[in-house]
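Only one chain comes next, encoded as structure tokens, the form predicted on its own.
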């Protein structure tokens, strides 16, 4: 429920306005005169202020300035007599949202109030989206334990400040759009739009209209003019996902856009200048499509100014557990302690081939969190497919083709020794993930700090582990 501050030095006006706005569902606080309103602005929060201009000793213009100091995002509507429109215009220059002349029409006033609140909500949502874009897609939030992903982050740092076209290679689910958004969020275009289109998801006529726009009557169903993504992304970034699926006819038009920095809407004879950075992505090697005459060579060279490759998750196992804990943290409500995983789950996740890459891993962890009964994720709550794959791998990976000495009872490790070894490895992985912070590691493992110290191998004077059993 929006909270509205009404300010006027005439009780009858306050009464009428208050009744009208309360009937529309608003919470109304009435202030008789500027002095009362000044005190309220300094002590309480409001979504909108509706104030008369002519008041004494504190007038509406003084309140407008105070409102902008105390609540910069709060819209202000000024009430003015018909003969004082010039003063109202001055108020607009000082930042008022709008003004309504007395005697006012009820419908006009209510519409203006709703417009002001809608505008305020839009600004708030836009600020929240920008804040999310600026934090979620910062390099610090890209998990990069492996050399391959560290190289990707280094490439992002280098190319983001430029306007060079980037072509991202990677299998489905590796995070190509995440990298594209990170480039945008690290660039000078970060305050403008990031718009994406999946070239494989739309039929040719729809894709052309989506990218370049159309004019009224260009085709059946084109009942009005429509700007395309290149126009809408002015000053920002357009992300062309699955570029390899783009029809050849549209490839030629895209090439012209990249060369001329102009776009022509479907059905139009006029060119419109555009300013949008292009980032493209593909899960198919464009070089292969070139050989099959399915992709234009000239467009390929225009797009691949900066090629960037994201390796599949199976080729960078160092990222698996850090990604797991990253997802656990992201999916945990603010203020709550993130779940952790058991050593058995860690072993299963590290041994899985992840054909769906990071997307499959994220879904697996969300599935496990949904069915977990406590703060530790155990094997039975993992997706059935991953459990079955682990069970199928276990016998063959443990003994198939193993050296004969491993099967020798005299030389086999005891189960206790084997579990100690695995526990040490897991502890070291968690410590690496926390940057050596033992308190964070203990919290992640759901054990006390004293227990963690007891389980860690002691170090001798040289700083090397003594090898004391856990």
Ligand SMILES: Nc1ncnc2c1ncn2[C@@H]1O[C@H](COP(=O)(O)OP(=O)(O)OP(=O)(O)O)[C@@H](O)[C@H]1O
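Numbering follows the first chain given and starts at 1. Keep in mind that what you see is a predicted model, and the values were worked out from it rather than measured.
Beyond the structure shown, there is the form predicted in complex with the ligand, which is absent from this document and is the topic of what follows.
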| item | value |
| --- | --- |
| Heavy atom contact within 4.5 Å of the ligand in the model of the complex, the stretch among 295-303, 110-118, 220-228, 177-185 | 177-185 |
| Proximity to the ligand in the model of the complex, single hit among 211, 149, 263, 345 (heavy atom within 4.5 Å) | 149 |
| Contact assignment for the ligand in the model of the complex, among 338, 173, 244, 236, heavy atom within 4.5 Å | 173 |
| Contact label in the model of the complex: residue 323 to the ligand, heavy atom within 4.5 Å | yes |
| Residue contact check: residue 358 to the ligand in the model of the complex, 4.5 Å heavy atom | yes |
| Contact label in the model of the complex: residue 283 to the ligand, heavy atom within 4.5 Å | yes |
| The ligand contact in the model of the complex: residue 259, any heavy atom under 4.5 Å | no |
